[in-house]
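First, one chain by itself: the form predicted alone, in structure tokens.
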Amino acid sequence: MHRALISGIAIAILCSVVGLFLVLRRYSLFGDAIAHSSFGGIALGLLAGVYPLWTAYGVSIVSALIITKIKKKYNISGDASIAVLLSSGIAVGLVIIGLSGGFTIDIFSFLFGSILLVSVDDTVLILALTGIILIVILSLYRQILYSTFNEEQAKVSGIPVEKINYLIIFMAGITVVTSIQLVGVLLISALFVIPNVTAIMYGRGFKQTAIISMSFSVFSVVVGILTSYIFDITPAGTIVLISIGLLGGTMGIKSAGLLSRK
């Protein structure tokens, strides 16, 4: 439980921060697409007898760069290119699973998450990657923020927008695979999108929105893990349902006119 809570909190913070930039760039489903493509990498790792997350990291990063290149070179809309990546990732994974003899317990743990089974090595890896990505974001905060809200003006100002975009895509790929152990391939986009959508509804500035999003994300993960442990239910589904509950509560408060814009 200690490892699950520590890893879960780190993942919650990481997903909310990286996810906020994706949501603001109208790439809300990007995390979902990368997660589905990493499923092919997980299946490949299990087939080859390699630790599945290592192959998933490689496949997810390559897939993220491919989708960005396709979108830019062939002028395909973001949602269409994401849909192609999402479906192809699942298709490759299913074919590899078929070649390896069908679904196993390991595959199901990656599909639906297994945070309560996280090892010491996994916890150290999660904390290390979270720290590195957050340091990179803080170091390049102004450039990333500027290119997110006004890409053309950022280019005029001399900001290497294309490199920043690739960096965000790279970090998103790392974050997705790191988070798979918490909620699994099928629910990963929930951690990227729901807390951020909820926070944006409060109508605050960027920093306040990021703090609200992280708070909601951490709350959902901690309460979800504890609830799943007490009642012996799946952590992934519980975490997502709590996130949806926070979103629904925020929508209710906003409908009642109790949210004032500051």
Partner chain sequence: MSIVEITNLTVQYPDVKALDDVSFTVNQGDFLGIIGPNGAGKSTLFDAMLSLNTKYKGTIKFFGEDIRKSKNYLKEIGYVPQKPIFEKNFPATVNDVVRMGLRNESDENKIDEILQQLWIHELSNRRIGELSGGQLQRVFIAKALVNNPKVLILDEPVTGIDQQSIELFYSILRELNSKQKITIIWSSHDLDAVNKLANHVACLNRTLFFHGISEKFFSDDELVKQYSEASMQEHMHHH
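Residue numbers count along the first chain shown, from 1. As the structure is a prediction and not an experimental result, all values here were calculated from the model.
The next section is about a form of this same protein that is not shown, the form predicted together with the partner chain.
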| query | finding |
| --- | --- |
| The partner chain: the contacting residue among 68, 209, 28, 228 in the model of the complex [heavy atom, 4.5 Å] | 209 |
| The partner chain: the contacting residue among 81, 130, 148, 114 in the model of the complex [heavy atom, 4.5 Å] | 148 |
| Partner proximity in the model of the complex: residue 121 to the partner chain, non-hydrogen atom cutoff 4.5 Å | no |
| Heavy atom of residue 158 within 4.5 Å of the partner chain in the model of the complex | yes |
| In the model of the complex, residue 237 touching the partner chain (heavy atom, 4.5 Å) | no |
| Proximity of residue 62 to the partner chain in the model of the complex, heavy atoms at 4.5 Å | no |
| One stretch from 178-186, 140-148, 122-130, 92-100 that, in the model of the complex, holds residues within 4.5 Å of the partner chain by heavy atom | 140-148 |
| Sequence-ordered list of residues in 221-238 near the partner chain in the model of the complex, where near means a heavy atom within 4.5 Å | none |
